[in-house]
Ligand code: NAD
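One chain is shown next in structure tokens, namely the form predicted alone.
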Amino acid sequence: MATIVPYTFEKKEDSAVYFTSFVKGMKVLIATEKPFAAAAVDGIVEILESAGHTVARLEKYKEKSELLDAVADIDALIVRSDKVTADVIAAAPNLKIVVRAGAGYDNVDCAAAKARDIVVMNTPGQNSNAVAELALAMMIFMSRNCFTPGTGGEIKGKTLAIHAYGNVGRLVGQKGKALGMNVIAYDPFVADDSVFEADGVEKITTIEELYRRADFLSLHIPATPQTKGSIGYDLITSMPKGATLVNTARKEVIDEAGLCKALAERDDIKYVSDVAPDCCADLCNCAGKRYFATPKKMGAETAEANINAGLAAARQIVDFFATGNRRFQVNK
């Protein structure tokens, strides 16, 4: 059974400064079914306690009821991939801010939070390098026959297409260029062409052209009502012979029926993902070594990213309570 571990200040001198900060402090819960690294937790606690807040931890919990109980008296919540649903929000009458330690925030019910005037933030950029490195590693892994015997290929000289040119996409592009790849990118939300020009990346104006030219397609779009299921049969089968689709985004953006059909009909196309699709068994049967997925989502699973995201979450909570800063709010 998971337990909630309260934290208090180590120094409890009888001083007005200490007492005032303690009484006025907010209670912050770190709720992580998959805990942060110990160094990250230590840093989070130090940041929050130094600002006068108290910290509680709920780690490795198995039942949602444990989370519902834990949020009953908190003012702020830090999570990783934990699901902050409407009933979790309803069970936290004092909740003022939720910070998702990472870039994606589809595990938080932003609408339910907004209805309560609860601020939801992410920590953009903190996991970016870890995800970018994984994307390139997956390209090499697939081009080398999943490291099994046989003649593979090289990624040098191939066209790397990037779908969404944000923090992760730009890093993937930079690393791809360093490895000798030709990099193109599509992102209608990046209006400034100089961003692409500065990176030596060719800006593509349509999704169709992006996929049609991609030897390797690195996918970085978020899971939104508009993007869920948007990558399907037509786009995948338009890719060149021997192309590889790399998904370090979310499994929900893939039309799985279309993906299965495409890989069944095109015995040259490959798909690799850091989160297994629901149709994993079907893909294993029809695609063999042309398909690979990690057992659990691991894009941000590095010690460095783990610490960076956790500390950023703590600093954003401190700044929010101290100054009202909402810079990274995602549910405006």
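One rule holds for the numbers: they count along the sequence shown, beginning at 1. Note that the structure is a prediction, hence the values are computed from the model and not measured.
The form predicted in complex with nicotinamide-adenine-dinucleotide is left out here; the points below concern that form.
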(message) Can you pick out, from 235, 262, 118, 221, the residue that has a heavy atom within 4.5 Å of nicotinamide-adenine-dinucleotide in the predicted bound form?
(response) 221
(message) Which residue, 103, 112, 184, 91, is the contact with nicotinamide-adenine-dinucleotide in the predicted bound form, using a 4.5 Å heavy atom cutoff?
(response) 103
(message) Please determine whether each residue of 190, 297 and 300 possesses a non-hydrogen atom within 4.5 angstroms of nicotinamide-adenine-dinucleotide in the predicted bound form.
(response) yes
(request) May I ask you to state whether residue 158 is within 4.5 Å of nicotinamide-adenine-dinucleotide in the predicted bound form, using heavy atom distances? (result) no
(message) Test of understanding: in the predicted bound form, would residue 216 fall inside 4.5 Å of nicotinamide-adenine-dinucleotide by heavy atoms?
(response) no
(message) Is residue 274 part of the interface with nicotinamide-adenine-dinucleotide in the predicted bound form - any heavy atom within 4.5 Å?
(response) yes
(message) Taking any heavy atom pair closer than or equal to 4.5 Å as contact, tell me whether residue 249 reaches nicotinamide-adenine-dinucleotide in the predicted bound form.
(response) yes
(message) Quick check for you: of 82 to 90, 128 to 136, 197 to 205, 173 to 181, which stretch puts a non-hydrogen atom within 4.5 Å of nicotinamide-adenine-dinucleotide in the predicted bound form?
(response) 128 to 136
(message) If you apply a 4.5 angstroms heavy atom cut-off, which residues in 152 to 184 are near nicotinamide-adenine-dinucleotide in the predicted bound form?
(response) 163, 164, 165, 166, 167, 168, 169
